[in-house]
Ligand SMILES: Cc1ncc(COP(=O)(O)O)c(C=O)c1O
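We begin with a single chain expressed as structure tokens, specifically the form predicted on its own.
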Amino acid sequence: MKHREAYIQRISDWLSVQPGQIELYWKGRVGLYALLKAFGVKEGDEVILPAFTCVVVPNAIIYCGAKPIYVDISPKTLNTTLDHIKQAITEQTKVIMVQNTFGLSNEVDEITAYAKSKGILTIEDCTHGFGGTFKDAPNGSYCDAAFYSTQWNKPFSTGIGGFAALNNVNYTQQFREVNSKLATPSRKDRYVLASLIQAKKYLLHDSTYWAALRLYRSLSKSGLVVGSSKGEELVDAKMPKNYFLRAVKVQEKVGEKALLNLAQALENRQQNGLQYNQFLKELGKWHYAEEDLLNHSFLNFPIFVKDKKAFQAAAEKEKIRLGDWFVSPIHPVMENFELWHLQPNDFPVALEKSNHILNLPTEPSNIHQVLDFLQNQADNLL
């Protein structure tokens, strides 16, 4: 239990919550499911969320028997707003999801205050936001609960993994009862995860990034390696077998160590993000408004391009580690949206942004190489 206790204590120090309010999971989405169950979300309930998210979020809602209710996003922040949320609230609304996209939080205090006035619970999707702040409070502080991801390329990584923090102590007993049903991942999956963590540490670098990314995604979708999402999570909204799993020792050990370096990593990401923002502003391309930058921890930096394929091909040639998060309103699903109760055309901003988005790394070994690349690709930027 040594690493587990130390890991939880370090998380609690970052979040300014008690260790007993935190639970660790095999994947972050499991934390969302646990919170929804603890809050009594069931058939007939509705959960509001942005139409600019990962499919695992509506999956967790549907696994509880509830219905996801999507709302559009702001083109300035890529987050939803209180005005959008107000229009979606009904008598069946049980929970509102508040997301800090790419590490940016906004209107969290206003949304949570309004939700409380209506007797609606709130959960912050902090899968991009651990270590960041909103108005000087840690991301995840304002809502009744929050869940976090430690998947590859998140604020800090345990390979796959995540955790949840319960802020509303009125649900402590329910939260513990739900978590008492967690199962342990198979020995094979634990071994594969440990191997992948070591492989990433020693084998992944700029020259191998694109080939490794394609191979990993292919193998994880087919279930041959432990991946972010199993294939069935991307083609149907039925809960996969072996979904509700606890974290294991390798994740706890890696997470404990990773948190020691997080402060410096976050500072580097923010400095790079600010450079990107100023550079793109000077080019006359999409960038964040100055007033939003204080609340931004810059997990990745979104850019919008005219021709994705051409831009990605150029990035691979120049060994730029480009990301493609949010290629659809429920990333990475590209079809059969009705299975997730989504009509993409109802959310024009989210749809337009997902059609053109790519992401810049905020922890590159040489940011000037990325800036030079952007300058050369300026005609393809929006």
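All values derive from a computational prediction rather than experimental measurement. Note that residue numbering follows the sequence shown and begins at 1.
The protein also exists as the form predicted together with the ligand; that form is not presented, and the subsequent description refers to it.
Item to check | Of Phe39, Phe326, Tyr33, Tyr70, the one that lies within 4.5 Å of the ligand in the predicted complex (heavy atoms) | outcome: Going through each option in turn, the one that passes is Phe326.
Item to check | Contacting member of Asn106, Thr122, Thr127, Asn300, with respect to the ligand in the predicted complex [4.5 Å, heavy atom] | outcome: Selected option: Thr127.
Item to check | Partner contact for Gln151 in the predicted complex: the ligand, 4.5 angstroms, heavy atom | outcome: Yes, Gln151 lies within 4.5 Å of the ligand in the predicted complex.
Checklist entry - Would Val57 count as touching the ligand in the predicted complex under a 4.5 Å heavy atom rule? => result Yes - in the predicted complex, heavy atoms of Val57 and the ligand come within 4.5 Å of each other.
Next on the checklist: Using a 4.5 angstroms cut-off on non-hydrogen atoms, would Gly273 count as touching the ligand in the predicted complex?
Outcome noted: Judged by the heavy-atom cut-off of 4.5 Å, Gly273 is well away from the ligand in the predicted complex.
Item to check | Exercise: Gly132 in contact with the ligand in the predicted complex, heavy atom 4.5 Å | outcome: No - in the predicted complex, heavy atoms of Gly132 and the ligand never come within 4.5 Å of each other.
Next on the checklist: Only one of these stretches, 306 to 314, 174 to 182, 86 to 94, 151 to 159, has heavy atoms within 4.5 Å of the ligand in the predicted complex; which one is it?
Outcome noted: Stretch 151 to 159 is the one.
Item to check | in the predicted complex, residues of 12 to 37 near the ligand [heavy atom within 4.5 Å] | outcome: Heavy-atom contacts within 4.5 Å come from Lys27, Gly28, Arg29.
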